[in-house]
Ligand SMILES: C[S@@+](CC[C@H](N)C(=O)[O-])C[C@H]1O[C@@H](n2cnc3c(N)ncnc32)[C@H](O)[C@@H]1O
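So this first bit is one chain, no partners, the form predicted on its own, shown in structure tokens.
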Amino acid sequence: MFNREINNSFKYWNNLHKEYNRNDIKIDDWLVDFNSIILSSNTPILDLGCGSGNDTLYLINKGKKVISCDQSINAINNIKRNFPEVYGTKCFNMLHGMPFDDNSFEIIIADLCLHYFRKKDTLKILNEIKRILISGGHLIFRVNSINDVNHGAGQGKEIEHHLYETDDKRLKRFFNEEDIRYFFRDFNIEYLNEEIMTRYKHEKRLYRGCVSKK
């Protein structure tokens, strides 16, 4: 079952990230409120689950060095082609750990990439993120809200509390505030708010958060 979920996820995202051009990438303003943190960083910023490069582009436009990461080789190849100035790229699945040394980053961006895992794996991934952050370093993230009915909330077979199996046999988790405070309990929560994103065809409800390493 575990390997099937990994394979289905890889196929889905690799198929989704077909070739696209830099001019096609849409940026929304979700990181603007954290510009003081972003601009004060002295180390490269890690963009986890970079996808088409929305956040990579935002950070590059702010003059920051970015290491863009994704499990999809197509996504990474697109990043290399569209952003020749990117500081670095890595292709890996977060379930297998983070290929970085302890205390490597001041800032990690995880935009809509932390809600595809079982409870034990989510905790493992967050522990890895904590490991590679410096003391006081920040994780800035967005995750699905349990109110995100346009994008599958409450739909399909419930595998765990708020974790559902999609029609194509992938996993998708939805969070409420209690869930977030549970999963991120080893961090200091500095900002957390349920919000609406309009970058997609249908309105998306999500939680935006910023936490720091204790």
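Sequential numbering from 1, following the sequence displayed. Since this is a predicted model, take the numbers as computed values, not measurements.
The discussion below concerns the form predicted in complex with the ligand, not included here.
Trainee: May I ask you to check whether residue 105 falls inside a 4.5 Å heavy atom distance of the ligand in the predicted complex?
Mentor: Contact with the ligand, no.
Trainee: Even though the ligand is not shown here, does residue 72 get within 4.5 Å of it in the predicted complex, heavy atoms only?
Mentor: Answer yes; at least one heavy atom of residue 72 falls within 4.5 Å of the ligand in the predicted complex.
Trainee: I'd like to check something about residue 199: if you look in the predicted complex, is any of its heavy atoms closer than or equal to 4.5 Å to a heavy atom of the ligand?
Mentor: Although the ligand is absent here, residue 199 would touch it in the predicted complex, with heavy atoms inside 4.5 Å.
Trainee: Is residue 50 one of the residues lying within 4.5 Å of the ligand in the predicted complex, judged by heavy atom distances?
Mentor: Contact check for residue 50: yes, within 4.5 Å of the ligand in the predicted complex.
Trainee: For a quick test of understanding: in the predicted complex, does each of 17, 93 and 117 have a heavy atom within 4.5 Å of the ligand?
Mentor: All three within 4.5 Å in the predicted complex.
Trainee: With the partner removed from view, which of 178-186, 53-61, 34-42, 149-157 is the stretch that lies within 4.5 Å of the ligand in the predicted complex, judged by heavy atom distances?
Mentor: Stretch with heavy atoms near the partner: 53-61.
Trainee: Does anything in 108-143 come within 4.5 Å of the ligand in the predicted complex by heavy atoms, and if so which residues, in order?
Mentor: Those in contact are 111, 112, 113, 116, 117.
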